[in-house]
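Single chain ahead, written as structure tokens, the form predicted on its own.
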Amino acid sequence: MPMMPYVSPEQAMKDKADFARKGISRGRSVVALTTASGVLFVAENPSATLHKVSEIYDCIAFAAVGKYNEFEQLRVAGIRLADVKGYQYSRQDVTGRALANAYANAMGATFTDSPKPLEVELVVAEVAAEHVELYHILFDGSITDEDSFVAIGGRAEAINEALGQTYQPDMDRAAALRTTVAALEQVEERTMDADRLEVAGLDRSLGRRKFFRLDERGVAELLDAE
């Protein structure tokens, strides 16, 4: 009987983590930051149809980097989970924290049990009457809540550092967009044109559904606004 090569559990987990980080690092970063009216997501994404930022429920949005087919499955699963809970109980019982915990549990189980981990990193945001909740979920199911802003993806550390020097609380949407684009341009060392940016977010001044998405013209107008 042939002997199977032995790999220690520690080495197996390290190999999975390295594999997932390598896959995620290939993706362009997504930034989420709080504004005076909610939260703004900004991503470099030339595709007009394959979105990195999406609505999940009334006050909840989702952003992801990594393999598109993997985070698309998570997005759809999150919408179904929220819809079922909202239908069985009430719409107010659907929360960003519960959804983020569900994502963390699913991604952690996959990381532990599957030979191949998910090459995905997520942000779940919920906007309430007076505050915003931001949850950052890693490929291994680790979850943290963020205060003001967070970048995920390949250049996340450098972008977070750049934003830390320029971020101001309670910025309006235009100022938040210009601040984020400036940080992305500083890190990537090139210009970010409006046609390559995906900009969306949650705005508490909207109706029941707080999610909005800007088209190329809307992005250009905010970048040019004084």
Partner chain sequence: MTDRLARTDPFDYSGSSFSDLIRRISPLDWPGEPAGHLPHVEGTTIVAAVYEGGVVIAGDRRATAGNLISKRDMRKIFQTDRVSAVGISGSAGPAIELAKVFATELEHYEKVEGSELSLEGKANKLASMVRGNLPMAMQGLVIVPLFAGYDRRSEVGRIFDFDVAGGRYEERRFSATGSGGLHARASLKARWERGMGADEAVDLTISALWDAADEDSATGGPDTVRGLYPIVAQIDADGYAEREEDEVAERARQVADARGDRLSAGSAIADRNPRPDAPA
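Please read all numbers here as calculations on a predicted model, not as lab measurements. Residue numbers count along the first chain shown, from 1.
The following text describes the form predicted together with the partner chain, which does not appear among the structures shown.
The closest non-hydrogen atom of R75 lies within 4.5 Å of the partner chain in the predicted bound form. With a 4.5 Å cutoff on heavy atoms, R97 does not count as touching the partner chain in the predicted bound form; it lies far away. Within this chain, A128 is remote from the site of the partner chain in the predicted bound form, having no heavy atom within 4.5 Å. Taking non-hydrogen atoms only, Q88 approaches the partner chain to within 4.5 angstroms in the predicted bound form. With respect to the partner chain in the predicted bound form, the three residues R80, A106 and R208 uniformly fall within 4.5 angstroms at the level of their nearest heavy atom. A single residue from the set V132, L118, L138, A156 has any heavy atom within 4.5 angstroms of the partner chain in the predicted bound form; that residue is L118.
In terms of contact with the partner chain in the predicted bound form, the residue from D193, E188, E161, D58 that brings a heavy atom within 4.5 Å is D58. Figure note: of the listed segments 66-74, 36-44, 163-171, 177-185, the one touching the partner chain in the predicted bound form, with heavy atoms no more than 4.5 Å away, is 66-74.
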